[in-house]
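In structure tokens, the next block holds one chain alone, the form predicted alone.
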Amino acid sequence: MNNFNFYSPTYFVFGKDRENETGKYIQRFGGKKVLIHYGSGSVIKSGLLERVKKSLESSGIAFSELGGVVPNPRSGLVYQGIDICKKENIDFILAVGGGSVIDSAKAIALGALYEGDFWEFYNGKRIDKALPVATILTLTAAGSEGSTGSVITHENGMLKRAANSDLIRPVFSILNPQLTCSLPPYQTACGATDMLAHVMERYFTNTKEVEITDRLCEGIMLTIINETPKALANPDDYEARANLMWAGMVAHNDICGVGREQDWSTHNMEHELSGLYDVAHGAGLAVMFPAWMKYVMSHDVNRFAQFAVRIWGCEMDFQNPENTAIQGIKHYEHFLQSIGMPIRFSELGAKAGDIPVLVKTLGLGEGTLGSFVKLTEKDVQKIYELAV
């Protein structure tokens, strides 16, 4: 196990109707004037936004609003949010929604205290300060409610890039599983796929003797695999939704990634895919992860065989562990299909002819991507071709 530091200060408020306590927690964490950031009409139609505003008003907290966040959140709305914060002296950002809303809120929090272009932070600039961010989660998927990350698409070139810092980890997150019961099946399935991918980016590692985090990863993956079909079959299954909501957070707050090398090449390849085609992130990962697995499997057949045995219940072929590893990937693909996810380029509307554009936009040049296997541009192109 490698040396590590682990710091996860988010305060989690979990359970039914906890959004009604929002004002109390904004006060606790020092907010006096809040920007409420959200997506489309769902938070309005459900009455959630009204309940949140009522809670803020009862606590004497002033607020402004900015809606309109879309999947694969855009830079344009971030710039609008930054302007609002500067003009109205906002000191706290409250994201009401899923990962896209939270990521957009984090970007606003960065730009509100910066005189330059917030996009610089998404191209590697050091993050030194940000407004505090809190979340009320409505979609179990990205894990942004407990993570240090934010992913934004810049409309100039549709470049999709990430920023990371403990300064944009939410100070508190309200997790009410009831708020996810109205999600369409496709969104639920995309969320589960994204959650699995967050774990697998950590699970496939070159670091040896990491049994504790291996078992954490496996427990989270098994929970997602077991609970997703229940939530799809009965959207109002509170216990299934609750297990998925907590699994999504634990999958990405890095508790299962400490002490081990992580990969993240598949997420980066998918970012170019969803940036170009504007597809759901989870759907893109459903296409890219099996392709990546098939390409890199020979690097550590035993780890893939372990994945097959411990996660999918495959029988170990000790004479030829490659057979077991292949079976594990097939089981993963079958699971994705069973919950309505695509596993091929064509199912996303993606085109093989665009692969050179995807590779170029990734911007590797002479560098490499990932750590489990260090991928060159040629490797990346072959993985995209496998996804076709």
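Start at 1 with the first residue shown and count on from there. Note that the structure is predicted; figures quoted are calculated from it, not measured.
The same protein has a further form, the form predicted in complex with ligand NZQ, not shown here; the description that follows concerns it.
Asks: Determine whether any heavy atom of S58 comes within 4.5 Å of a heavy atom of ligand NZQ in the model of the complex, and answer yes or no.
Replies: No.
Asks: Could you tell me if A107 has a non-hydrogen atom within 4.5 Å of ligand NZQ in the model of the complex?
Replies: No, A107 sits far enough from ligand NZQ in the model of the complex that none of its heavy atoms falls within 4.5 Å.
Asks: Is G47 part of the interface with ligand NZQ in the model of the complex - any heavy atom within 4.5 Å?
Replies: The answer is no: G47 has no heavy atom within 4.5 Å of ligand NZQ.
Asks: Is P184 part of the interface with ligand NZQ in the model of the complex - any heavy atom within 4.5 Å?
Replies: Within the cut-off, so yes.
Asks: Counting only non-hydrogen atoms, which stretch in 194-202, 312-320, 214-222, 76-84 is within 4.5 Å of ligand NZQ in the model of the complex?
Replies: Of the options given, it is 194-202.
Asks: Consider the chain as shown here, without its partner, and state which of A305, I90, A142, M288 has a heavy atom within 4.5 Å of ligand NZQ in the model of the complex.
Replies: Residue within 4.5 Å of the partner: A142.
Asks: In the model of the complex, which residues of 47-78 put a heavy atom within 4.5 Å of ligand NZQ?
Replies: The stretch touches the partner through V69, P71, N72, P73.
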